[in-house]
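Quick setup: one chain, the form predicted alone, written in structure tokens, and binding and motion questions come after.
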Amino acid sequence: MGKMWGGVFNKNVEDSVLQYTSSINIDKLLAKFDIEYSIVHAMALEKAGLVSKQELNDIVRILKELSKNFEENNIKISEDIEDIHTFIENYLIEKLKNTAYKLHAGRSRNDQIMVSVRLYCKQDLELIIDKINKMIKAILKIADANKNIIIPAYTHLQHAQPVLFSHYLIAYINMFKRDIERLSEAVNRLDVLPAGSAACTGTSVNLDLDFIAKKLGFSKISDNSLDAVSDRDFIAEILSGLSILFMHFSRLAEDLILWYSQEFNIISIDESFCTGSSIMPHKKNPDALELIRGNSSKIYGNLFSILTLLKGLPLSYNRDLQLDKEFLFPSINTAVGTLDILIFLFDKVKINTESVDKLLKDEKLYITDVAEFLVYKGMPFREAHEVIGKVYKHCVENKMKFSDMSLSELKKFSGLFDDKVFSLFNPNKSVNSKVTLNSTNPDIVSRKISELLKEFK
């Protein structure tokens, strides 16, 4: 007892080799799912006439006992165990002797692992999707409460034009909605039962795969045993989806870090979200946001690792595939932890309106509005662009504001200027002037917020 194999061997495997090939420290996360599958597999064996009703009852009883012990953290697993599947089988053998030996009929660790991993992915991706929804609700709550707050929009990290803060947040909500779509599609594609594939060619044991699929909640059954045991596309797809999600996390974190800085001072972050400095007593650093930004590199690395792992493998199963979980499990755990942090953060973010008002006094934010003013007067846009550029250059060279110029001075640049141009240097007027359906116009944004509130109620 101890291994799932060994009859053909004349020598014991070196301890260093056993330690090197062991995956117990990472795949013990699969215990719950392996037990769930083992119970259903035992039921299928009973239906196939390979275990008796009493033997089935005994197997189910012991497996449920083991599952409860795992839930209550009453299980200690030796590092000498090869993997979680071996541990569970050894536990059964210890309790049931010969009856336990029957359980592995009709399956290999190759398809056994794949059933467990797919069950794990289905559960945890649904958890991630649920948390993304909660994060969107938290962001939406801030957007709704501050729907009329205007901040500077930036291009190239320089002042561009006034934009509603809520419009800015909705941009991120749109990103996260696409993340939900991607991850939901990944769940749909991985929702395939690989049981019955055994090592690689299927099994002579007449397993009722429809029964197994229904019991485990799979909507589809694999139609090719070779593909079923060697397929890790779904892991690559999950890591790809999580990489894009973390790219969005990182961009959001960067915006929040900038907005929290003294130079921007657009938002306040609750101090319970920050850490201090070991030498500078005044510091309240947004370390968690910086780590969110940094953690994206780990997720990207895990995606590249799984793709590199898979690129040269022949069909069907190779032990290299054991390493897939080292990329998958930490990525999912990091995603769950990051979402918990962001949900907490957005519940406490505040807008520094006085600071924002000062930023909005920068007249450069309204220069494009002035150019469009001339366009409505009949001037071609390229000509208006050049005229306003010359006016702005004149202001810089003379250390003056656009609004300090007299109408007569402006008319030297274009006779189309009139007194109404001075009213354009107003953030509310600027956002209200936008009319396209995807713009920062307050009415359009308000309707969008209402739609999102219904969608994420």
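Numbering starts at 1 and runs along the sequence shown. Since this is a predicted model, take the numbers as computed values, not measurements.
Not pictured, yet referred to below: the form predicted in complex with a small molecule.
Of the heavy atoms in Q322, some are within 4.5 Å of the small molecule in the model of the complex. The closest heavy atom approach of S355 to the small molecule in the model of the complex falls outside 4.5 Å. By the criterion of a heavy atom within 4.5 Å, I113 is counted among the residues contacting the small molecule in the model of the complex. Although the partner is absent here, D27 sits close enough that one of its heavy atoms falls within 4.5 Å of the small molecule in the model of the complex. Only one of R109, H248, K122, H159 lies close to the small molecule in the model of the complex, with a heavy atom inside 4.5 Å, and it is R109. Site annotation in the model of the complex: the residue of F346, Y91, Y317, F273 reaching within 4.5 Å of the small molecule with a heavy atom is Y317. With the partner left out here, the small molecule still marks one of 322-330, 140-148, 70-78, 177-185 in the model of the complex; by a 4.5 Å heavy atom cut-off that stretch is 322-330.
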